[in-house]
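Let us start with two forms of the same protein chain, each given on its own as structure tokens and named structure 1 and structure 2.
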Structure 1
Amino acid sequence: MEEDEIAGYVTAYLKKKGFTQTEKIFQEEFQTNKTNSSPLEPDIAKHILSFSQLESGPARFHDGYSRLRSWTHCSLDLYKHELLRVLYPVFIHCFMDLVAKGHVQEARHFFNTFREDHEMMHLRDLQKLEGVLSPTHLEEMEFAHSLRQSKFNIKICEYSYELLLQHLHSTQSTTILGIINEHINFQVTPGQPSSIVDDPEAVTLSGSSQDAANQINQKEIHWGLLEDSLEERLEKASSLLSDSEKGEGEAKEGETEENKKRPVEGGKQGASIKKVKKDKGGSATGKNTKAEVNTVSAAPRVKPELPMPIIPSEVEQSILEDLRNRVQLSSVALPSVSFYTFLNTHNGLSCSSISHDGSLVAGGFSDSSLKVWDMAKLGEQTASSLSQDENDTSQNPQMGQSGGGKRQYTLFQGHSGPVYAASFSPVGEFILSSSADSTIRLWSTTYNANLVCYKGHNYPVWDVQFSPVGHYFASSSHDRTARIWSMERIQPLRIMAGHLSDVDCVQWHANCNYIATGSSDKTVRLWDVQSGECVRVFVGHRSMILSLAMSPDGRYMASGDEDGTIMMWDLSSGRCLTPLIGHTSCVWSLAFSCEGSVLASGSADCSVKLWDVNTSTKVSRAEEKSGNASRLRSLKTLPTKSTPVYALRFSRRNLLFAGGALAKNG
């Protein structure tokens, strides 16, 4: 680097910026110092050089990127796949830099030249970015905004990193170097490059508060089950039963005593939730000592943070009866599937839901109506035979006389926009529906009437879900929030804000202390219901998340996206255990069997798939160390006759109910 040259560049810079005074001084000083020249730091020299090059226009990006690209493709095979990861972030930032500088035409040309390279992995992102054509768009579009504000994390081995830096320095592609420095966060790992299998965590985009997600995931969560659950009580009862018949009688007495106690507590509950929560916690610990005597399932027990509603004793009895008659499912004992097909929907069915015992089926329509069928009353042999297994649990005595006499269903009208979600309360006496009119309505199946209209969201409510114990429910909306409600209040109890785009689906954790939300920003978040804080962020999906399911033991969560990928997450670590790949289209619905051994998924590709949860979690955990984490086991694919599967529900006896509307042709 000749000193004169640098001086030339510096003066050019000063001239350009109009620092005439400085320039003069610089010139003078330069002349005087020429004799005792202290060589400039090479780095600084390069920076100065690069500045002059930066000015040389948008072609720099194009050239720089194409040079990096061809170099990467010619690099050593062993390190190539690692280096290839660098290309995508560089590509999109080059593009956005070009747009931000106003070289729209060049940006478009650049984009179209190289987009093919990334289409396979990032097609959706590219489609979004394609439309960005002016600096204001960059500001406006949340996706571009988040890209600009965040950094890519790329895992790369030491040698690859060195190679990359050497290349960038030797070719003096400072433009690219700048982008890499600004937007990529290298996590250099010593040793050999990682395996070629596309590790989902190799390239991650961290949110604007990059460390926040990591920090969030450091938090402790109590994924254990609720103490004193009905299941636990059943086991207690059965163990006593095995002791002696007399024991059983006592157990029952004990239960009824508890039930007597509870209403008293319930009376207090109405007042203030937080206050009562402590009371409840106290009483729960009291019972806990009793529960601990039994050797129950491995899942740890936690206290409920919400005051729990009271279950009427006859309902409890029927649930216990169901639990006793539950079929054990496993990879060798697959469930029976009963399929409810909606006919003549004229493309209007936008959601469907099945009650916990499978006897009630609700459909939400785009003409704002909600229709509920009582399958037990349909009078068909199949339905009645079905209901005999399942219906003795249904405690809703009257479905009401359906309007015209001819109609098979009960029509609920009240919404003024497409009904996007419906959810049955655990016992089946209430239905919640959410609609594009930004309201949620509570309906009674006993009285066939609208009870409450909950207003709070400002935009269409995409999803609503009753909590596993009833009484509380969660909703998610286009306004990028999820909200927790209780039936008795028309205002939400909690508002969960944090997602960067629409919150598309919501699901309760088995212990009711957490809810999970899936969003169009391709993340799933877990929120603490009590504090309203986000406690986990799950990153890994490549498209909008459409469905969520929580395993009954509370340890795992499954999420399904628009592309047909299902991911199984470990809640405590916040990591993806394994992606379950098999569906070819949107996964509309997911359900865990009651003991958590089988996951069912229903998709727009007209099939129900059954997955073995035990192997897909265990094997991957074992293989996590070896670095190969994509192992899954699809047990069975059950194709339907051109019927996309909208809803799935395992009954308490482990019968799987599925619902969907027959597509016209296909």
Structure 2
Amino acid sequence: MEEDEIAGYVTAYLKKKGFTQTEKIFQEEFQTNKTNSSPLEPDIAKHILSFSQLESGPARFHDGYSRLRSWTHCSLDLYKHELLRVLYPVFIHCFMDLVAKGHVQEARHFFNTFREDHEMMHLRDLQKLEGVLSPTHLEEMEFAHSLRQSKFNIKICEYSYELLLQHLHSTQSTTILGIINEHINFQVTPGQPSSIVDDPEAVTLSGSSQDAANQINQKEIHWGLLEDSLEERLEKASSLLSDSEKGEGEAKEGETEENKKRPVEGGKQGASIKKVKKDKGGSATGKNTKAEVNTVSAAPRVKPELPMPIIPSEVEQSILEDLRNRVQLSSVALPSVSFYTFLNTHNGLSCSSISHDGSLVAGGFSDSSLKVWDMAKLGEQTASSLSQDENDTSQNPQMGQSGGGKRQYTLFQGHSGPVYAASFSPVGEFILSSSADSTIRLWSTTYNANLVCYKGHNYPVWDVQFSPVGHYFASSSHDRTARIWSMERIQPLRIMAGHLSDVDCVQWHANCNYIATGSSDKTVRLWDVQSGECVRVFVGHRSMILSLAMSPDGRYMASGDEDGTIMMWDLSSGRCLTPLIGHTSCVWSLAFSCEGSVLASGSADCSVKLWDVNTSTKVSRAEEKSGNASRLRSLKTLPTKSTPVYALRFSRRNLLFAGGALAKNG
């Protein structure tokens, strides 16, 4: 390469950057030393040439990415899945750098050429970036701005990392090398490549946002159960009862010893002996039940941060009765499932909710109506499944209560937009609904009337959930906030802001001191209801979060996303214990059994899956370090004929209720 050509590149660079004084000094020194200077080394000349080309043409981004893409796809299968992780961060930063430099047409061509490679995993991100049409958009769009300010963390083995560096240096891909240095952090691990099975932490976004998340996750949280809860009272009562039974058992044992000495007469005595054996078998299962209950009640006790409502004595007795008669579930004793199917909805059903005892089922519709079916009355009318009468246009909610009326439901009207969520109070006397009209309404199922309209959100309210004790409820909205409310106040008590996109779902912690929120920004956050502060950020999902569930002991949380992935989280550490792979479409609902041993998931793939929770939470450290931690064991898959599952609910007696609308194929 001629020295004059090299000097021209250097001069052009200095002029472009505005270093006029340096440019003059360089030209003077170049003219002075031109006669007696030694020839430049070939490697240095090549680097100067490649750097000048990097600065000049937008085609370098297209060519550099195309070469990297071809090389990764032609790599050995053993390393390919790790090297492919590099493509997406390089792709989006090539696109954004082109836009930032003003090469908008070239950026659009680059984006459209290679977007198909990433649509399966990152469709929502691509849809957002598609709207970036000028350099100002990069600054104005929060998502694009956060991407440019952050770095991707990519797990890769040592050999894959060396292969990548060798390729970049051999092809002199200075453009791509610059992007990787600036926007990717490699977490290089010794040994063989990780498993081809997707690792939720293989590619994560870091930077200022991740640093803040790590700092947030250092905060202490109290995940235990409330002091003096009904479960604790039942446990104390059962322990006292078991002590008295033990004394009676010892007395009976003395009696049976005496009976053994007596002669056996006829078959009656044999029958009584069989009965005793049967009772002993029953008591054995009872002991197992108490042991399982104790594992839940072994959770630490915490004080409530919110004033707790007083539970009426008759309600308390009813709940205690349900708890006493609870069926113990395990990996070998799965729940009975009662499925409610909505018919003739004509794609109008937006959401579904089931009361705690399964006696009431609600449906929110796109025509702004909320409809509630009473299962007892539906049985009286000999209706075998849920349906809605499209021809009945009467707006009198009392029609649903009259035996002679055609309508089989109670109609609640008041919203002016589609109803996106509904939630029954723990006892079932109230129901909340949230709507596209940005309001939340409280309805009485006793008087069939609207009691309160809560206004506070500025955009559609995607979800609303009563707290486990009633009285308080939480909502989440398109305005990127979640809010805590109490029934007697029309203004929110707390506003939780921090998500970068829609807050799609919300769930209360078992002790009512925290709420969890799932967002379209692919994160789940845990908030302290007293302070309104975010105390945990859970990162790992690759699409928007649609459902959340808290374990009964308050230690674990499950979250389901649009891709069909479910993740089990430890609230204390903020880490993902294990991903649950099995669903092929959106996970719309999650529910833990009452003792926490079984997790149920409902999906748009028209199935309910039951998962063994105990195996997932007992992963050894060796397995965790090696990356071979076993997936949560799927106990059973319950397919429906053609009904996506909208809602799941375990009753206090551990019967699983599910609901969805029959979808017509084709």
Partner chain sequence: MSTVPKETIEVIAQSIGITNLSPDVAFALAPDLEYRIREIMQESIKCMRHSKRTILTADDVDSALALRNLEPIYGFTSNDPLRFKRAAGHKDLFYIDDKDVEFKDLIEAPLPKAPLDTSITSHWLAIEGVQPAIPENAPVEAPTEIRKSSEYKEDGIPVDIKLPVKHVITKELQLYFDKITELVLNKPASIPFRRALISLATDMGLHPLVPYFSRFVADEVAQNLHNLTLLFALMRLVRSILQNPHIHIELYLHQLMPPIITCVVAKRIGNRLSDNHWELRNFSVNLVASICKRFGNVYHNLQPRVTKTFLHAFLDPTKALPQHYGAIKGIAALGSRLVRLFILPNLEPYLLLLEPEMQPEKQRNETKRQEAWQVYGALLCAVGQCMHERAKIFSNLLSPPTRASSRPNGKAMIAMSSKRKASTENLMQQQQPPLKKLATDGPGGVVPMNSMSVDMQMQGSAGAFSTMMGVPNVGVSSMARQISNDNTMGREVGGQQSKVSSILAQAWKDDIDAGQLLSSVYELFGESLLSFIPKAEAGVFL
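Fair warning: this is a prediction, and the values are worked out from it, not measured in the lab. Throughout, residue numbering runs from 1 along the sequence of structure 1. The term rigid core refers to the maximal set of C-alpha atoms that superpose within 1.5 Å between the two forms.
Engineer: Is the form predicted in complex with its partner chain structure 1 or structure 2?
Structural biologist: The form predicted in complex with its partner chain is shown as structure 1.
Engineer: After a rigid core superposition, would you say the CA of H478 moves by 2 angstroms or more between structure 1 and structure 2, or not?
Structural biologist: No; H478 is a residue whose C-alpha shifts by less than 2 Å between structure 1 and structure 2 when the cores are overlaid.
Engineer: Fitting the rigid core first, would the Cα of V332 be found 2 Å or more away between structure 1 and structure 2?
Structural biologist: No, the C-alpha position differs by under 2 Å between structure 1 and structure 2.
Engineer: Rigid core aligned, does the Cα position of E488 differ by 2 Å or more between structure 1 and structure 2?
Structural biologist: No, its C-alpha moves less than 2 Å.
Engineer: Look at the Cα of G64 between structure 1 and structure 2 with the rigid core superposed and state its shift in Å.
Structural biologist: Superposing on the rigid core gives a C-alpha shift of 4.9 Å for G64.
Engineer: Enter the rigid core superposed C-alpha shift of F110 between structure 1 and structure 2, rounded to one decimal in Å.
Structural biologist: That residue's C-alpha sits 4.0 Å away in the other form.
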